[in-house]
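Shown next as structure tokens: one chain only, the form predicted alone.
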């Protein structure tokens, strides 16, 4: 398949309404000699039957040379890949490649050719800066199944902080380009003045918008490259707070703020997050690392007004940030050590991971994750409440990993228990279930001569009960019947 969805849309157009007005592009230019086509064979994990290998599929995208045998592309181009090949426009022969680093939170990846000598003649592309609004850029890649490079023009129409659809939860700086969207260009360079100013990565399709595409800008690319210098990717860090603008004059006066337009309120601070160790709801942030924070949540960096989260975006795991804030009218200053906020990750799309599960006598237990919700199309109100309010209601504090009884594989030992499917597991044999590992420990627990296994589900007054001896007798039979090679995978 080609990457044609919103999460994998491209930034290029074969033709634009104003294309005839532009000067022709010199296709003999060596600027984009380092652009390569990427073909990927993939295996998509099966969250409905997590013991299976998954569904094979494939796709293609674009990448470009940034150093000796180092090709930059989108993470979504190579996610769940089992085989990768790359080819340049002047060399139709496919060359095996492998992933060196991948960052799903910012949709970037670095590949290398298994035999790099085939690409030694190519010139690495150089990174530029952030292009100005209403300036022209050139997008290069392999859209719509073509075997030859396509080069098109677009105009920078917006520079904003927005969500990256690959993970579905992470937001970073992005640049909008006034250009149509075609599949296959994902991972391709966007060029201005002979230098790369972005990586094409997503856009709108259908009737949502016309001629709107997005590219990952150089600051995000540079942060990724800096992060992997030590040989591993440490992910983005999070302050894990929400903010609320303070623009009402009466509210500003009540909070002891002046008329200088400085100060944004903390809407919430996650107790397990970096910011939650210092900040609390109602605090007013007035500066970060010495730069004033305006009442609409913007801050000036490099002479540009950007979302205040951009200050945190440029930090790395273990770095600190200095925050000045008001609490009950009193000025305070604290240093916050930044780390990744794990509960936030659970709400995003997962890739390159084997689904975790545990099967017991036909009962299938799985941790609550977005991939699971999508695969099972769960409509249970309680499960949806847990997922939708996992952060807002701080549910992760007591249940860091809610466990769902996703299905009951029919067998005589679990007759009439199918209605319990999609329930949230509260307790097994008297053991509170807060994560998948608790299920294994609870099932192994035997209270003397207690002959039953008792599973209690949240907001369900009728416990699920199995006779232990019959369940243990039936377990291998069920494993064989449903071709389940391993009764549990709790993670690496």
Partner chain sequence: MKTFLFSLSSLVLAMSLCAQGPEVAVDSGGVGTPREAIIKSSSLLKVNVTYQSFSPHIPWQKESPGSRRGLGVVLKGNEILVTAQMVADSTYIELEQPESGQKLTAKVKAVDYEANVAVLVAENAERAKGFFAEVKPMEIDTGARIGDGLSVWQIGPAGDLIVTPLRVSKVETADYFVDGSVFLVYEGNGIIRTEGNSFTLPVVKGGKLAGLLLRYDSKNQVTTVLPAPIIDHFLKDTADGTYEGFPNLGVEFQLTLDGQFRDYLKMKEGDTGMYVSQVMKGMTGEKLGLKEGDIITSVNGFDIDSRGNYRDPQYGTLSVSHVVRGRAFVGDALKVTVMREGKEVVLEGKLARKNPAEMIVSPYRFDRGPNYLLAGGLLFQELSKAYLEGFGRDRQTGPILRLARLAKSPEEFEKKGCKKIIFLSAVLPTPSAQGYERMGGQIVEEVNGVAITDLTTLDEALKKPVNGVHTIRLGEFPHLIHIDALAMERDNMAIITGGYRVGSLKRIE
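Residue numbers count along the first chain shown, from 1. Every value quoted in this text rests on a predicted model; they were computed, and no experiment measured them.
A second form of this protein, the form predicted together with the partner chain, is not displayed here; the remarks below concern that form.
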**Request:** Quick one: from 400, 410, 168, 282, grab the residue that has a heavy atom within 4.5 Å of the partner chain in the predicted bound form.
**Result:** 282
**Message:** Which residue, 364, 347, 257, 265, is the contact with the partner chain in the predicted bound form, using a 4.5 Å heavy atom cutoff?
**Reply:** 265
**Prompt:** Taking 278, 342 and 492 together, does each of them reach the partner chain in the predicted bound form with some heavy atom inside 4.5 Å?
**Reply:** no
**Prompt:** Is there any non-hydrogen atom of residue 454 lying within 4.5 Å of the partner chain in the predicted bound form?
**Reply:** yes
**Item:** residue 389: touches the partner chain in the predicted bound form, heavy atom cutoff 4.5 angstroms
**Value:** yes
**Asked** Is there a heavy atom of residue 247 no more than 4.5 Å from a heavy atom of the partner chain in the predicted bound form?
**Response** yes
**Asked** Contact between residue 68 and the partner chain in the predicted bound form at 4.5 Å, heavy atoms?
**Response** no
**Message:** Based on heavy atom distances of 4.5 Å or less, which listed stretch (433-441, 53-61, 455-463, 38-46) is in contact with the partner chain in the predicted bound form?
**Reply:** 455-463
**Message:** Only counting heavy atoms and a 4.5 Å limit, does any residue of 363-388 reach the partner chain in the predicted bound form, and if so which ones?
**Reply:** 381, 382, 384, 385, 388
